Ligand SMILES: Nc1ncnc2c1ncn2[C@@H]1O[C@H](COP(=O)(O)OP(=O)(O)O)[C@@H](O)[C@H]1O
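We begin with a single chain expressed as structure tokens, specifically the form predicted on its own.
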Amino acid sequence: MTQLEELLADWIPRQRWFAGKGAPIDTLRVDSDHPLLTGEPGLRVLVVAIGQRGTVSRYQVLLGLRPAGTLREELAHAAIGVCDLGSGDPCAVYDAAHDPELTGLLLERLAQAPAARPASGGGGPVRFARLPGAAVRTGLRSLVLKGEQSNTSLVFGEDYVLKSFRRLWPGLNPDLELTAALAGSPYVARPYAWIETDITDDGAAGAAGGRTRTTLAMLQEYMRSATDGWVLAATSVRDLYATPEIAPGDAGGDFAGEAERLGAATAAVHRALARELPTDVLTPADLRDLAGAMMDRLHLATSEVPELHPYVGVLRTAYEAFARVDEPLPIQRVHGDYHLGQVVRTDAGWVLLDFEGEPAVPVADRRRPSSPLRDVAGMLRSFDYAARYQLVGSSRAPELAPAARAWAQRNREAFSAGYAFGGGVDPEKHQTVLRAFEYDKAVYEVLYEAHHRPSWLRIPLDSIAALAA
């Protein structure tokens, strides 16, 4: 390894966005190194390839460079190390996402970029582009948003948020693709511009040079006055727990009206995506294949999580019923990772965010059409989580469990009613399909909680039991 690669091999595994935690790094190399600003300070875009257990993943690092000993105190937390990059002089390298002096250059490049569509062509190793009609203001100072797991987002003033995709997959990122298709909708934050490059595509031997267009970052409207949907739902649940003897509809923080409006907004987004992007149908044979994939995930989960065994019969029965559905199932582009943390409430209504899907899944898979009921199932599961997570480790859990179930059921019904009223397929009339998607999501959650939050494992297990009742 070069000096820089050695530093990156130590620094990257400690970052929140690194997806390979728990496995040793076998190889690390800088796949590509694109200077955006030379001199002092300098700015480069690196694509770093990391090999672990026989697979290679690629990550984006926005690298800042300053002479050794000159890194400002406020950037000390972003330091990667000191090395010689070929000039003969030692250089301090650091995560430039935290340096407003350098990130301002990104905003300037985006403001000056040519108008284009996300799938259009372009030249140069790193390309900046704006959506037609989108004007970008410059001179705004950036601040890194805290709390993100898989990406890094910079807020510029109170106007824009630049989401930098850390783990890179070959292909157009669905967040950019779907948001651009929905541009002008009141239910999404307005997209303005993006940054892209070409990366090595290990699975595209037929592609020219084995490299594929890949989204590095996207600039979008910053919803400065918005409140996170998960926060609103959790507040409602806390209000109910203060007086658990009162029905959820009579409690002071009843959420059902918001859940219904969220359902209508979700249906409106699904209808717009069906208008703007290709649709298809799954035949009964396709449904049997999909049911088989659900069964495979169940077998994997039960082999790793013994607590799931008592529910195998119920889950298998639901998947078998799904496999027997004899009507074609409409499919289209959907959100793909839909839950209360992916929506915000503004003064004007609900806005949907983060259309990239599950970041750990290849882009090609995330871009495949699916049933919109998959998104519905994801949100219904989120209501269960919002109702139950505050009971984890609580001595009052047995006392409050009935209130939690009542809150979840009330808001599940309200969301489903709003979705049907907003023009989506009526979830109540497609229970066999919806139940299969919900169970499949819950099985995924069982695996996730067993690996990452064992104390939360009862949440999906109890939800499976409730659905089966």
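Start at 1 and count along the sequence shown; that's the residue number. Everything numeric here is computed off the predicted structure, so don't read it as measured data.
Keep in mind that the form predicted together with the ligand is missing from the display, and what follows is about it.
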Revision key, fill the gap. Assert contact residue (the ligand, in the predicted bound form, non-hydrogen atom within 4.5 Å, options 220, 371, 142, 266) equals 220
Review point. Which residue, 116, 75, 234, 161, has a heavy atom that falls within 4.5 Å of the ligand in the predicted bound form?
Key: 161
**Study point:** 4.5 Å heavy atom contact, residue 179 to the ligand in the predicted bound form
**Key:** no
Check your understanding: Hey, in the predicted bound form, is residue 354 touching the ligand, heavy atoms inside 4.5 Å?
Key -> yes
Check your understanding: Is residue 253 close enough to the ligand in the predicted bound form to count, meaning some heavy atom within 4.5 Å?
Key -> no
Check your understanding: Are any of the heavy atoms in residue 103 no more than 4.5 Å from a heavy atom of the ligand in the predicted bound form?
Key -> no
Review point. Based on heavy atom distances of at most 4.5 Å to the ligand in the predicted bound form, which listed stretch, 108-116, 142-150, 281-289, 395-403, is the contact stretch?
Key: 142-150
Exercise for review: Give, in sequence order, every residue of 331-347 that has a heavy atom within 4.5 Å of the ligand in the predicted bound form, or say none if there are no such residues.
Suggested key: 341, 342, 344
